[in-house]
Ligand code: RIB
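Coming up is one lone chain in structure tokens, specifically the form predicted alone.
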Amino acid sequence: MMRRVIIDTDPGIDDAIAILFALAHPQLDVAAITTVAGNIGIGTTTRNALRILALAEQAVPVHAGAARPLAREHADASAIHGRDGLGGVAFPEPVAPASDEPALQALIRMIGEAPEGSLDILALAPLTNIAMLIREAPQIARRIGRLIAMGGAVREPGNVGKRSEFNIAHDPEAAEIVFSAGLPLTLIPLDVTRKVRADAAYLERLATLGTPQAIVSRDLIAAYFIGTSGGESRPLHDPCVPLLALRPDLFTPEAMRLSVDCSQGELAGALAPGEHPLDVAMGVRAQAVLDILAETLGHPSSPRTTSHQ
């Protein structure tokens, strides 16, 4: 069954792979991309979204969003993703500019116009744009079909602190607003994404598929091997989001009540037992996820255009 989605993102190596997958899959209709400062600054994340669309030959509106967290300074992850946010991997130049309509206004308009529950949000980034939507238009936010977000660490150590994961730690206040809003939210933490890693054989598999999407994804994942030891890449965090949207049976959910640490110390962004009920993916059939990712990138659907401006 086709699902219309908005991708909220800060591309980002693994964001780019997730976006290419979503654009390629015939059961996902990407209605728009909204960008946020996270892995890199807002100008670069927005340009990267446009470059990804150019490679995929897809015409999807891109709306620039929050340039900084709600109450903190922006702290990027260029040490991992490179100064360009895409690990230095070659992408074509954008073929169209970003929309003049800011992300917040676009979210309000598109969710408000769509039949209630028919439009999902795939959140690959800090949750600043989604928190702003909830604060500005809570009734509109309640019309979202599903919100699937990559973020947090439950039983695993963090990746930017002892217990904190980057997306949540970048804007803990935004995450707390989103968690407390009562939306149909599924969280995908490091507990799952650290199980989804590529090896050299997987890179060769992508290379042999021969499509631009597969070859670029191979190059992006190769950049994710830099700084690692052993035979596996860094975790492929963000592709888990559209994969769960399509194949929830590959993930094991647990019902939890969590809150976000909004302190200024090293625990900022840490998840702890709390009052907000969430569905949290805690298990994954990692090889099946990798197989579907490769199959889709190797056989992308025909280029699509969208009239959702």
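Quantities reported herein were computed from a predicted structural model and do not represent experimental measurements. Note that residue numbering begins at 1 and tracks the sequence as displayed.
Beyond the structure shown, there is the form predicted in complex with the ligand, which is absent from this document and is the topic of what follows.
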Within 4.5 Å of the ligand in the predicted complex, heavy atom basis, the matching stretch of 178-186, 103-111, 133-141, 164-172 is 164-172
- prompt: Can Asn159 be called a contact residue for the ligand in the predicted complex at 4.5 Å between heavy atoms?
  reply: yes
- Tell me, yes or no, whether Thr45 is in contact with the ligand in the predicted complex, where a contact means a heavy atom of each within 4.5 Å. no
Going by a heavy atom distance of 4.5 Å, is Thr34 a contact of the ligand in the predicted complex? no
Near the ligand in the predicted complex, with a heavy atom at 4.5 Å or closer, the residues from 235-249 are His237, Asp238
